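Just one chain follows, in the form predicted on its own, and it is written as structure tokens.
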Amino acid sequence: HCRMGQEERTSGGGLSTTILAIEFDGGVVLGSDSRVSAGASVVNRVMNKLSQLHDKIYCALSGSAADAQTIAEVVNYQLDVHSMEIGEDPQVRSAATLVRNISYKYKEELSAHLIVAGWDRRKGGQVYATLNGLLTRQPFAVGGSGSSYVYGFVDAEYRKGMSKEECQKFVVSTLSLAMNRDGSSGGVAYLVTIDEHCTEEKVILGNDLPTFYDQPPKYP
């Protein structure tokens, strides 16, 4: 299996991704690296792990590439049907609930973790973590093998009430740090910014990502 961020159930290895999403006032920003591995080999350097579930709802994929993509495709279809039934765009929580239900129902067969984020008219920008039956809304969520290297950074740098531009910078900096430290994360950085007015997709090449190791330390 090609892995994107969860542990192999048998060998305990194969961690290989960094995904995250963050809320801002009026929308969300999602980000991911692009490296996919099979064991110790990189099998895809530029996979987009940000999958669209509906017009203003995306998910970030980690775990088995096949499992995660299958869940995203099934939820995308179910949301289309749900949207036609209710005659309006679905809520972000509805998408997250569908992901959670599939992940929990097939927890013994599937190995995938999806972060669901988007915008709807009722609650604005929202980020949901879904893992093994868990469904919780958070101001930001981080996942994959690279997350282990950046928990301290995101805890220290996150501030409530950040603007859209500050959240985009937060996501890019977090991905850059994780991709630099985690050998299983790398490639390019994918970003999706969603608000009431538009959905913007962006790709940042590896040599355009910020660096931190060559900057002088800051002293008080």
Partner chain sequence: MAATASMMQSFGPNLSAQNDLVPDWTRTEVSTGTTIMAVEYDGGVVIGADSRTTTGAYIANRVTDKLTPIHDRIFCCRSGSAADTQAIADVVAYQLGFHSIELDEPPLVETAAHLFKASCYRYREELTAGILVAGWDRRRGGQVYCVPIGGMLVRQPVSVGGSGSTYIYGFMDSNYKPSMSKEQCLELTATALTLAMERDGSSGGVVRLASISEDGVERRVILGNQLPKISTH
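Positions refer to the first chain, counted from 1. This structure is a prediction, so every number in the text was calculated from the model and none was measured.
Quick note: we don't show the form predicted in complex with its partner chain, though the next part is all about it.
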### Task
Would you mind picking out the stretch of 191-199, 52-60, 23-31, 157-165 that comes within 4.5 angstroms of its partner chain in the predicted complex, counting non-hydrogen atoms?
157-165
### Query
Which pick from 83, 148, 136, 101 sits with a heavy atom within 4.5 Å of its partner chain in the predicted complex?
148
### Task
Using a 4.5 Å heavy atom cut-off, state whether residue 140 contacts its partner chain in the predicted complex.
yes
### Query
Any chance residue 169 has a heavy atom within 4.5 Å of its partner chain in the predicted complex?
no
